[in-house]
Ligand code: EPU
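The chain below stands alone, shown as structure tokens; this is the form predicted on its own.
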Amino acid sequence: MRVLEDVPLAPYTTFGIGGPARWFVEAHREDEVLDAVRFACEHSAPLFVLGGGSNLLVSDEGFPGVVLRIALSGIEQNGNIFSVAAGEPWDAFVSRAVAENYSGIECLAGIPGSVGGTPVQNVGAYGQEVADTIRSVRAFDTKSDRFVTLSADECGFGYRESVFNTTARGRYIVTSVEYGLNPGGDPAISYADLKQYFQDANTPPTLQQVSDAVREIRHGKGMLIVDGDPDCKSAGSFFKNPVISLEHFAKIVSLVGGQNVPHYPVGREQVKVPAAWLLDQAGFHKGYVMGRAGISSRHTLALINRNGASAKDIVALRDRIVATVEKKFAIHLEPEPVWVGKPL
């Protein structure tokens, strides 16, 4: 195991923001994961596990402990079951599955980051989420000091959450994920954007066509990482879509004069309201600028590093948005990206 010191973290994130890690380790094998945990314990240092860096906002001061970058690679296939190492690029795995005519994750194309991060956030988009296909997750359990396999039920999946980022945050280090896909299955086109995209199609779209459409839609919204595109220096959707009661929703409809408020049922007593709509209604439109930070010109939910923004710049914009939306709608928006480093 090679240990580096004072490694800048900005290049390892899609935001391009962040100070140095006190120590930095790359793990290409499971035994190196164990070695990194031991090293952190020996130095009484906090440990942060870094994947693809697509859902992070790193402090300007960096991280005062050990950053463990997961670089495990490899894909094993047994029929429709794929066991994928945590360091594999997620979008490359989606492309392989689609090319081999396996459905289940075609709508998750174009999402940056690595496989290990998908169960943590229960990554989802365009009508699919990884919880629909994950069979199990292999991880190092820092509490029991051994590698374990968690079933899908044990992962406790919910909307953009799992035990990995809630009740057991920091306990597990994901090393591989097992997905069960559907050979020859039909693509999912339940999401409004996809329905509209294919509304004039004469024949049902193929998996490849749906996957390509998702990438095109994401690119149009600045949600596809493209080198040189200023709208791409972000962490993707910055805020979770809030789930509120029907009573609260009725108050919002009344507040905006009875206009049609976009929403999606969540069970019988709640609805999910798009955070992008809330931002737009609160005056935070596409292209909004606040110093070196701003909002993407193509997607209201993407806060971007416009021109050398610091973490403090992004946080200042985040806090202004949260306070304004809360004042107007009595909804407290929850950020999606993980904060790394000393709290502001």
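Numbers follow the displayed sequence, beginning with 1. Every value quoted in this text rests on a predicted model; they were computed, and no experiment measured them.
Below, we turn to the form predicted together with the named molecule, even though it does not appear here.
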Non-hydrogen atom contact Ala316 with the named molecule in the model of the complex at 4.5 angstroms: no
Contact of Pro262 with the named molecule in the model of the complex (heavy atom, 4.5 Å): yes
Wondering, does Asp193 line up within 4.5 Å of the named molecule in the model of the complex on heavy atoms? yes
Though only this chain appears here, would Ala125 touch the named molecule in the model of the complex if you measure heavy atom gaps against 4.5 Å? yes
Candidate from Cys155, Val177, Met223, Val130 lying within 4.5 Å of the named molecule in the model of the complex - any heavy atom: Met223
Only hit among Leu301, Val67, Val33, Leu56 for heavy atom within 4.5 Å of the named molecule in the model of the complex is Leu301
Counting any heavy atom within 4.5 Å as contact, can you tell me which stretch out of 69-77, 215-223, 200-208, 95-103 lines the named molecule in the model of the complex? 215-223
Pull the contact list for 233-247: residues with a heavy atom within 4.5 Å of the named molecule in the model of the complex, in sequence order. Ala235, Gly236, Ser237, Phe239, Lys240, Asn241
